[in-house]
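Here you get one chain, nothing else, as C-alpha cells; it is the form predicted on its own.
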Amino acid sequence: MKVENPAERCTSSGGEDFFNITPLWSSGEGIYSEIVLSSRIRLARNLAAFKFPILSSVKEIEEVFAFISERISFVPIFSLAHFSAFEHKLLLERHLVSNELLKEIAGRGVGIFSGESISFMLNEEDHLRMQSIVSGLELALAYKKLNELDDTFSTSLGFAFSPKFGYLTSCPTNVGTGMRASVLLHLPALVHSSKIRKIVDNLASIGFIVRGFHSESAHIEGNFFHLSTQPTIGRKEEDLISGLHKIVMQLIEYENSARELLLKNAHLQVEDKIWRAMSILKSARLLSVDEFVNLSSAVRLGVGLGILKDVKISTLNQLLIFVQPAHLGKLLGEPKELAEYDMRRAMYVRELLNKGG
C-alpha cells in the first residue's frame, strides 16, 4: 500500500520540500493571465464497491483509503495523519485540501502531482475530489489533463455510475458529470466603475456562482473573483466548459473597456493609485494579508495597463501564495505574535519587489 509520510517523501524531483515550490498555475504564462489568474476543473467521484463517505464508519473510510492507495501507484498519496496541524494549514492555503476534509483526519488524504497542476482529496464529501489548475484562461487544457486521469482512475477503481443519471455523488447537485469548472478573475476596473454588482447578479441569475479570492468565502478581496459553474445533471462537460469560457471572454471584454474608460477619464488618478501602491509595497515595514491583497491589485492593474514594466505577473502570483500566514511561517520561521507576521510579510514583499521581479 502506497501511503507516504510527507517528512520522508513530500519533496519535488530536486529533493526540495514541495511547500517551498511555487505551483505551476502561478506562472502567469496562460492566455489572458493578467485578468484570469487560473482555470480549474474539479471532478467528484465515488467508488461503486463502497458506501459513500457520508454513510461510512471510520473503519470503512480507512478501507477506502487503503483500496485507492493500493491501486494508484504512480502518484504519492499522503495521509492527513502524517501531516502536522501547521502543514494542514499549508495544504489549505494552497487549495490542495478543504476545511471539510480537515474536520476528520482518520482515513483522509491527498494526492499531489509534481507542480500541483493536478491533485485529489480522498474521502471528503466523496471518495475522490480531483482537480486540475492551470495558468490563465485554459479551461479546455485543465479538463484534458483531468479527463485523462479520470479515465485511468475509472479503470483501476470502478466508479459509481448510473446510465440514467451519470456519476453518483453525495450531493445531488453534483450528480451527472460530477464536474465544476471555475476561474479566478481580477476585475478592478469593473469594481471601480460600480458595474460589478449588476454583473454578479446577472451571473447568478443564469446559473453561475461568484465568490471571493478564497473560493469558500463570499467576501471579495483585492478585486478578485472566483466564478464557477453550478449543477451538472443533464449537461455535458464540454457544454459546461464552453459556457463558462464564453462568459469569461465577455467579462474580459467588459473589464478591458472599463480600463480604457478609466484611463480616458482619470488617467492621472489611476497612475497615482498604482504608483502609491507600488511604493507602499516596496517600503512598508508592516503589512497584513488583506492590505497586501488590496495593494497588489493596484500593482497588477498597473502591469496590465503597461504602466509598471519591471514587475512580473508570476511574482505577484507567487506573493499571493507566500504572504499567507502558514506559508510565511514556513519560509521565515513561525512567528509567535501577529505583529511579527506583519513585519516579516512586509520584509518578504519588499525583497521580491525590489529585486525587480
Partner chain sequence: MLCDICHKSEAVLIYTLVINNQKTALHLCEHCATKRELINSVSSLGLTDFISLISYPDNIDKLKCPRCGLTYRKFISCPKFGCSDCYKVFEKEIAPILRRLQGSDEHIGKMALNSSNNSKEKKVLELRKRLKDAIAGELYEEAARIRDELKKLKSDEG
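Residue numbers count along the first chain shown, from 1. Every value quoted in this text rests on a predicted model; they were computed, and no experiment measured them.
As for the form predicted in complex with the partner chain, it is not shown, yet the points below apply to it.
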{"item": "The partner chain contact in the predicted complex: Q131, any heavy atom under 4.5 Å", "value": "no"}
{"item": "The partner chain contact at K236 in the predicted complex, heavy atom, 4.5 Å", "value": "yes"}
{"item": "Distance check, Y32 to the partner chain in the predicted complex, heavy atom within 4.5 Å", "value": "no"}
{"item": "Any non-hydrogen atom of S79 within 4.5 angstroms of the partner chain in the predicted complex", "value": "no"}
{"item": "The partner chain: the contacting residue among R94, K273, H88, R211 in the predicted complex [heavy atom, 4.5 Å]", "value": "R211"}
{"item": "Option touching the partner chain, based on a heavy atom within 4.5 Å in the predicted complex, out of T177, S182, S119, N123", "value": "T177"}
{"item": "Residue stretch of 278-286, 134-142, 150-158, 241-249 approaching the partner chain in the predicted complex, non-hydrogen atom distance within 4.5 Å", "value": "150-158"}
{"item": "Triple contact flag F19, Y254 and K355 to the partner chain in the predicted complex, non-hydrogen atom at 4.5 angstroms", "value": "no"}
{"item": "Interface residues of 265-296 toward the partner chain, as seen in the predicted complex [heavy atoms, 4.5 Å]", "value": "none"}
